[in-house]
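Quick setup: one chain, the form predicted on its own, written in structure tokens, and binding and motion questions come after.
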């Protein structure tokens, strides 16, 4: 009887060493997640505190279901939509606070700045709120994943739909930084490709408050459609002032990047009939409703696609750490890129070589006030845009990580 006992003991010791080795690969046995977002500015409603809440939900759910052997901590900061503040904070987190992954990063300028630091420090960046295709195109790197949406995807949905509805001539009102410029370009390409024409554009400071002079230029252009290549309070402010100055309803507005929080703020009377493209809608199915109602209890509002995407990206990252037994950047990224995403946010989502997470997108049309049945019942889903069509094809990529065939 002694021999089997010795063998069993030896096997147990061997397994213990293996488990200990795997555990030791996670630095300090702690995984630290940094949430770097706009906590108080133009994008705080669509990202901000709600994105932090979504991160907390992901960590809590992961702990409850996966029961990891490692600890998980969250730190957060307000980057104020400034690239230098964002990059300095990311560097401090990586160097001093042992942060493993920086996430959210609404505002293209902050995302691009942090991506460079992440690459330098060999850490992971998970981008949910920023929009520009530059993130996975000209400025791509092998430690960044662009999760929720981008300017190509939203332009591809909304601009195409508006042109097909008869909105052939366009003039753009554009936020004057990398995001707005990217959105204007991508939307212009879609307009022209579908038989429309672009009469011009005007760029406003970011963030803006007074859009009157820019709207009057758009009005003078005679364009059927004024494309709003901005977001957050810039978009809601533009829409409110367009009505005040009599620009609408004579000319139509196309909100090229709008969120459910914008519709909630403006109301259905002001936004009815508008098209917009989303990666997520809380009321899409039982799974989205269940998660969103939990979020609502905590955040006191329904989630935007950025906030839902934030949860999804953090959860996928944590699963990668557990599956690989390490927080090593290359091993975690390899698992993330080879493992499909199947959750309430995305089905059969995949991360491409350029770091773009591709998934279905949805063309929405805002309901009329008399169509609303309950609070936050704002959209009619007009079209599901398959993942293969929603995002820029790799054949058109300028990313150095993509091998052209």
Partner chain sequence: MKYATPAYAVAFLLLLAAPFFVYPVLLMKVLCFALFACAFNLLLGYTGLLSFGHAAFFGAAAYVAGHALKVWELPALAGILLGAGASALLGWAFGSLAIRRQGIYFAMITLALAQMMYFFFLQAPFTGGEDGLQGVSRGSLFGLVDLEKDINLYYFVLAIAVFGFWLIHRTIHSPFGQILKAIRENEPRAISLGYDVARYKLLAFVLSAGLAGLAGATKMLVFQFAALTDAHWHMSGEVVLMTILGGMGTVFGPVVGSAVIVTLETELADKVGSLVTVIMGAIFVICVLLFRRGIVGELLALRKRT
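Residue numbers count along the first chain shown, from 1. None of these values were measured; they are calculated from a predicted model.
Keep in mind that the form predicted together with the partner chain is not shown, yet the notes after this line are about it.
Enquirer: Do residue 113 and the partner chain come within 4.5 Å of each other in the model of the complex, heavy atoms counted?
Expert: The answer is yes: residue 113 has a heavy atom within 4.5 Å of the partner chain.
Enquirer: Although the partner isn't part of this model, could you tell me whether residue 96 comes within 4.5 Å of the partner chain in the model of the complex, counting any heavy atom of the residue?
Expert: Residue 96: yes, in contact with the partner chain in the model of the complex.
Enquirer: Given that the partner chain is not shown alongside this chain, does residue 134 nevertheless sit within 4.5 Å of it in the model of the complex, heavy atom to heavy atom?
Expert: Yes.
Enquirer: Does at least one non-hydrogen atom of residue 40 fall within 4.5 angstroms of the partner chain in the model of the complex?
Expert: Because a heavy atom of residue 40 falls inside 4.5 Å of the partner chain in the model of the complex, the answer is yes.
Enquirer: Flag this candidate site as yes only if 269, 345 and 371 all have a heavy atom within 4.5 Å of the partner chain in the model of the complex; otherwise mark no.
Expert: No residue of the spot touches the partner chain in the model of the complex.
Enquirer: Using a 4.5 Å heavy atom cut-off, which residue among 142, 120, 283, 138 comes into contact with the partner chain in the model of the complex?
Expert: Partner contact (heavy atom, 4.5 Å) among the options: 120.
Enquirer: Report the residue, out of 210, 287, 84, 244, that has at least one non-hydrogen atom within 4.5 angstroms of the partner chain in the model of the complex.
Expert: Flagged contact: 84.
Enquirer: Only one of these stretches, 308-316, 152-160, 255-263, 104-112, has heavy atoms within 4.5 Å of the partner chain in the model of the complex; which one is it?
Expert: Stretch 104-112 is the one.
Enquirer: Can you list, in sequence order, the residues from 172-191 that come within 4.5 Å of the partner chain in the model of the complex, counting heavy atoms only?
Expert: Contacting residues: 176, 177, 178.
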